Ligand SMILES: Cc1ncc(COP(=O)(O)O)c(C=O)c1O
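Just the one chain here, laid out as structure tokens, in the form predicted alone.
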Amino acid sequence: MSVPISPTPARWATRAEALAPFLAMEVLERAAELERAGIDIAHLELGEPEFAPPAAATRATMEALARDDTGYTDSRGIWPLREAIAEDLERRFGQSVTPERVLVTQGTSSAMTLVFSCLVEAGDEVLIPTPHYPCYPNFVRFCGAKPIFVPTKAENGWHIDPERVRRAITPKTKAIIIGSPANPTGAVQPREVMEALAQMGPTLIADEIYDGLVYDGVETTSAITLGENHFVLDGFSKRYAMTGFRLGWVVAPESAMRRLQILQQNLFISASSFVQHAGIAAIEEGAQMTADLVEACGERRTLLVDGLRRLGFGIDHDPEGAFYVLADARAFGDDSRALAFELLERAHVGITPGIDFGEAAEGRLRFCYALSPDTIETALTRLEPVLAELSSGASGNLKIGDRNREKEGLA
């Protein structure tokens, strides 16, 4: 008689265990549970504009589907879209880029996967100015490399200090990541900073997904104007409010294109064919929509910043770009994760904990303002009484952390 064999528990790969949760998504997913229970949530946690995509992009998607344009494409993207992206870059930055250096991806997250997989390996170091987009260090760790954080300061507008970066460079430094305009701070790096970083030796990986979303006459500098040996990531999610289309691109050195192509073939095959036609339409006909988005966000930035300051949050500088406010919340609690979930449960407002953006952002909360004025006003109104209670005594801050630890079984 055979003896049943007990299955051996799976041993998860170290690279998967090394990744930290994306707390903005954790907040969103808990908010969805509350909404399924009938609770209305004011969502300020994600970078998701409450604007419709360009009508031409939606129409192009429907037309592509109607003609059954639903098959695989060239792994690098359809040629007309690569041409359109190259032409758009020249229009915006005055820099000629050949379509051969453009690879179309399923959003900028896929672009990051390809670039880090191509460039970074075990033993390398990657410099990350911080506060930073939460996924940057996770991509680095997933490739076996080590993220090295270079802090920026709120009182300096979160601008990168090139000398601080220079001191962090070692023989192991492979790349420097730059987000400008930045998530979560809204900082736009001055051209002299960009030029100084480009001259330091390591490859720049420039995340420019928020390019064009700037205020008060601030100008951006693209890494494509700083030489051909850098990687530039961009896409349609923010500038054209096309988050769910999952369409982005990378402009890469010619020497990297074949490697990126092979990685794309194996990991993702190609971006969706019908969505790529939406990208062409957005570039050709979406300029007015983007202009309207920037104008509206400028007004809503003022609405949110003024409201948060009135409620007791600390904000050193108005954000220069993107559509976020990283506000000092230490008047209400030092544990940003506990505070964000407490405000979700009690005020029914979704906010991203500062710790999601690194230790340099702990004690802060990130708010999105690419939303309707009604959503912003509702959030401020709901937050006011809860924050007033939390700020009434230091003991309340301890209770926030205790309650969240109890929920997680850690108390």
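Owing to the predicted nature of the structure, the values given are computational and were not obtained by experimental measurement. Each residue number is its position in the shown sequence, starting from 1.
Below, we turn to the form predicted in complex with the named molecule, even though it does not appear here.
In plain terms, the part of the chain that comes close to the named molecule in the model of the complex, with a heavy atom within 4.5 Å, is 109-117 out of 109-117, 91-99, 155-163, 272-280. The candidate site formed by 149, 173 and 204 is entirely out of contact with the named molecule in the model of the complex, as no residue has a non-hydrogen atom within 4.5 angstroms of it. When contacts are judged by a 4.5 Å heavy atom cut-off, residue 240 does not count as touching the named molecule in the model of the complex. Of the heavy atoms in residue 341, none are within 4.5 Å of the named molecule in the model of the complex. Although the partner is absent here, residue 301 is not a contact residue: none of its heavy atoms lies within 4.5 angstroms of the named molecule in the model of the complex. Although the partner is absent here, residue 133 lies within 4.5 Å of the named molecule in the model of the complex, judged by heavy atoms. Only one of the listed residues (336, 264, 189, 183) places a non-hydrogen atom within 4.5 angstroms of the named molecule in the model of the complex, and that residue is 183. For the residues 85, 224, 326, 209, the 4.5 Å heavy atom test against the named molecule in the model of the complex is passed only by 209. The single residue of 244-258 lying near the named molecule in the model of the complex is 246, the criterion being any heavy atom within 4.5 Å.
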